[in-house]
Every structure is written in structure tokens, then in C-alpha cells.
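Presented as C-alpha cells, the chain that follows is alone, the form predicted on its own.
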Amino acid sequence: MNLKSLVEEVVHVAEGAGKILLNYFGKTLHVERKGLRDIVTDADLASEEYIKGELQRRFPDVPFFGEETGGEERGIRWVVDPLDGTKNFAWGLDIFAVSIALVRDDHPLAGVIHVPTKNITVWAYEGGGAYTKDRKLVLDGGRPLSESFIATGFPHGNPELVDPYIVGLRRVLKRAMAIRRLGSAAYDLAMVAYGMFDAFWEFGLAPWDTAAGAVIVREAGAVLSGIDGSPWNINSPTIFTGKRVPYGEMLKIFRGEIRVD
């Protein structure tokens, strides 16, 4: 399988899904609850139907798993979030993304994230680097945490994770230049690779939230792990990534090796 040519095709699929989302954005949506503080809209479903159809047409031998319709959970497969940031989308906040990854078991091989409202697409494949339309994405080592712009996400769907998450948030808040919570992990990961954010962490995400972004940030040169520094895979309970300098400082904070009064 030629990952470079595969990713080039998936970029077109992700951008096509983005056009579908923009056609729905700002209009009256049909919204259903599907879990604790979790919703799905007709925009999510239309985007996933399009992505699934296009991927099956272009790559008929690769199984599909989507957030909304499920599918194959092992082996080589697509792992797709057709609209990451659904609540943002439903309330008219223009921060959301399309995320498509090629995964083998629990390891992402290639990924594409498209941000429709900003016309930004980032993509990567294992061993091939990370890219956007106008450049290769190569991150520097970063700056100290006191000069770093950090992204995070709240474990809103996992109440049992709120307390341990708050411990780390409190510690980082006391040292970072700024922390933002924007409501789309795929967007946050894309922006780490793009160079906007210096680091990102979150608890309790699903494989479709992180699979594409993980390979993109890693290929761009970010460090990637669990919150405790353990090796990361798509089933990890936490994700933590960033430029080398702020990542190292934050890891010491999360481990309790740096005292924060």
C-alpha cells in the first residue's frame, strides 16, 4: 500500500466532507442525544455517509469504522470522525474538524484532518512527514512553559476523570503562558502540528478523536505519549503531545516532580 498516494486521495475526501458540513453550518439541525452530554446531528451523519462511500469506492479492500455507524475494530481499517466538535457546530461556534485515519490494530499509519471554516488541511503518513497545502510541517523544540500556548480538553463525557484532570490543569495553569479549551481534539491536534499550539493534553478520548491527529503531530516532530509519559496508542486513556521543551516541563508537572504552589 502506497501511503503517499493514499493520503493524497484522502485529502480530497476530507475536504469534500468539509463542504457538506459547511452546507449545514448555521442552519437548523436535527439533533439527537446518543450518550452522556453527547449528541449527533444530521450533519454528522451526512458527512460520515459521504466519507464512507468515497473511501469504499476508492479503497474497496479497506474496512471502515466511523464514530456514528461503527464497523471493523481490528486490523487495517479507516477510523473516522465525520464531525469532531459537534456541540460547537450545533451551537454555531466555527471550531470543528473532519478526521480520517488509516489504522492497523491500535496504531495509526496515516491521517488527514480538515478544518472547513479555516480551509486548513493537515496530513501525514508514517515515515513520510507531515504537511499542509503550502509547506512541510516541521516543529522546533519550543519554549519554556511560561512562554507556551497550550490546548486542552475537558473530560465532559467521563465524570470519573474530572477530579484527576483538574489536578493537572491546576498545576499547568500556574505555569503556562495561556491555556485554551476549544472543544475539538482533532482541531487541537491539527493546530499542534500546524504550529499554533505548543502542546495539548486530554483525558478520556475515543480512537476516532485522536487517530489521525496522533500520526500528524508525531510526523511533524512533536513528542507523543500518555499523560504519564507511557507509550500512546488509539486506546490509551489519555493523550499528551507537544514540542520537546514544554512537553518535558509539563510531564514533570503531571508526574509531580515539579512543585507548583
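All of these numbers come straight from a predicted model, not from anything done at the bench. Just count from 1 along the sequence shown to find any residue number.
What follows is about the form predicted together with D-MYO-inositol-1-phosphate (IPD), which we do not show.
- In summary, the region of this chain contacting D-MYO-inositol-1-phosphate (IPD) in the predicted bound form, judged by heavy atoms within 4.5 Å and restricted to 121 to 129, 85 to 93, 137 to 145, 162 to 170, corresponds to 85 to 93.
- Of the residues 112, 185, 115, 191, just one reaches D-MYO-inositol-1-phosphate (IPD) in the predicted bound form with a heavy atom at 4.5 Å or closer; this is 185.
- Just one of 205, 224, 227, 55 comes within 4.5 Å of D-MYO-inositol-1-phosphate (IPD) in the predicted bound form, counting any heavy atom, and that one is 205.
- Among heavy atoms of residue 149, none comes within 4.5 Å of D-MYO-inositol-1-phosphate (IPD) in the predicted bound form.
- Proximity of residue 67 to D-MYO-inositol-1-phosphate (IPD) in the predicted bound form: non-hydrogen atoms within 4.5 Å are present.
- Using a 4.5 Å cutoff between non-hydrogen atoms, residue 42 does not count as a contact of D-MYO-inositol-1-phosphate (IPD) in the predicted bound form.
- Under a 4.5 angstroms non-hydrogen atom cutoff, D-MYO-inositol-1-phosphate (IPD) in the predicted bound form has residue 38 among its neighbouring residues.
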